[in-house]
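Only one chain comes next, encoded as structure tokens, the form predicted on its own.
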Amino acid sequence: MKKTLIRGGKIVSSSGTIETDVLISVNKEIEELKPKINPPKNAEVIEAAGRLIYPLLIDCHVHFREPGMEYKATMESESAAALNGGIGTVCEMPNTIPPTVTVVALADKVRRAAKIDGLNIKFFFGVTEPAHLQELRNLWTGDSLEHRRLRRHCPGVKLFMDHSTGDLRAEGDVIASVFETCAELKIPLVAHCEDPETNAEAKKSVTATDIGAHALLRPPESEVRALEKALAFTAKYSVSLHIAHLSTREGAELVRSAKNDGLKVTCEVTPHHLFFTSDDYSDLGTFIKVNPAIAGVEHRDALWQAVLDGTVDCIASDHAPHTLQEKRNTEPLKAPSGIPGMELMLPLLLTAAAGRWPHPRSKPPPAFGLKYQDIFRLCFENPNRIFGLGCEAIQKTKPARLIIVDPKKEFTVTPVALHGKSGWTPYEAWQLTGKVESVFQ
């Protein structure tokens, strides 16, 4: 083993960028951080002038499909996609088969993840009925070595307020109990905010069967009404609430107002809600069928504004692979919802940070864009804090878990070059600027 010297790169943090050499020991720890380090004898030298250096980033919302749906994806296949996209820690959702609603199911996932090299996988706990709440309480209050070990792998609870993939919707009084229990035990709570009554009413009135009808069957009002309920419970119980995949203008306004009122609420937005609109259904069809649905341009524009003004705390991929055959269902509304977006999340954000709008068929929002330090904040600092993940920034004596990024590298998205199992992407043929060159794990 040799030491490694990364020379001339710029380390990115929430305060900006600073040009600093990085010396990595043979034990893969950061031995020195300072300008112009003399290369040790026999060290490997990586010339990084013009490159950005980030810690391995965090994607706090992914679906890896294992166990039960390995034909769609596995922990091994999707970990390759994560690392090639600069992601070193993920928070995986409970809607697998079986769902992660028992201590036994969580332990099984943790056991599987222990075989994966390089990627730190955390697992949200799901709740749909009172028995699952008791399992959660046992997990969080148990004092055995096993309970304590498993808690370290669980960043919080995921609550589905309506059905999505896996049918984990919580019913009636269970929702209030989830908020109350998470507040009592100080567990972060993530909510998928869609209102079942609103969606049921839409289903009665929508007769269209083309893919564009998906946005009518799960209208913006569904997110808004569910958010209103979730925020009311947040105020009542003083829980730490995180809104998954915020997708609407009115939703962003509700979160902004809740923050101003002092509620303990955070939120995330996905790249697909930032870059696609309902106009894209005609070209991309089921490839952009997701829950909550891709909505009109006014919602996309409002989400960008929420990113820029700090209302949005995290950007997360909601990586949700399905097979190409499933997505090409001849009855579009029966195709499964979900996009495999994890590997391209960072290049999409780097493109925006370069001042380029990557969508080849749409006009950019009136305001869009990021700074490189915003990516650090949205994809490392904030999710790390919100979910207590314990990931460490680039510091002397700490493990060298970092990536080198060429922010000017242009490339064309091709499915064959991606590393996930699904083999397709709605971003095919997009021209992106910014790519991961090296990964240290």
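Residues carry their position along the shown sequence, with the first being 1. On a predicted model such as this, the values are computed, not experimentally measured, just so you know.
This next part talks about the form predicted together with a small molecule, which is not shown.
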Which of these residues, 120, 164, 277, 84, gets a heavy atom within 4.5 Å of the small molecule in the predicted bound form? 164
Listed residue that, although the small molecule is not shown, lies within 4.5 Å of it in the predicted bound form (heavy atoms), from 369, 332, 219, 338: 338
Thinking of the small molecule in the predicted bound form, which stretch from 28-36, 44-52, 381-389, 63-71 has heavy atoms inside 4.5 Å of it? 63-71
Taking the small molecule as it sits in the predicted bound form, is residue 192 near enough to touch it, meaning that at least one heavy atom pair lies within 4.5 angstroms? yes
Residue 124: touches the small molecule in the predicted bound form, heavy atom cutoff 4.5 angstroms: no
Considering only heavy atoms, tell me if residue 89 and the small molecule come within 4.5 Å of each other in the predicted bound form. no
Even though the small molecule is not shown here, does residue 322 get within 4.5 Å of it in the predicted bound form, heavy atoms only? yes
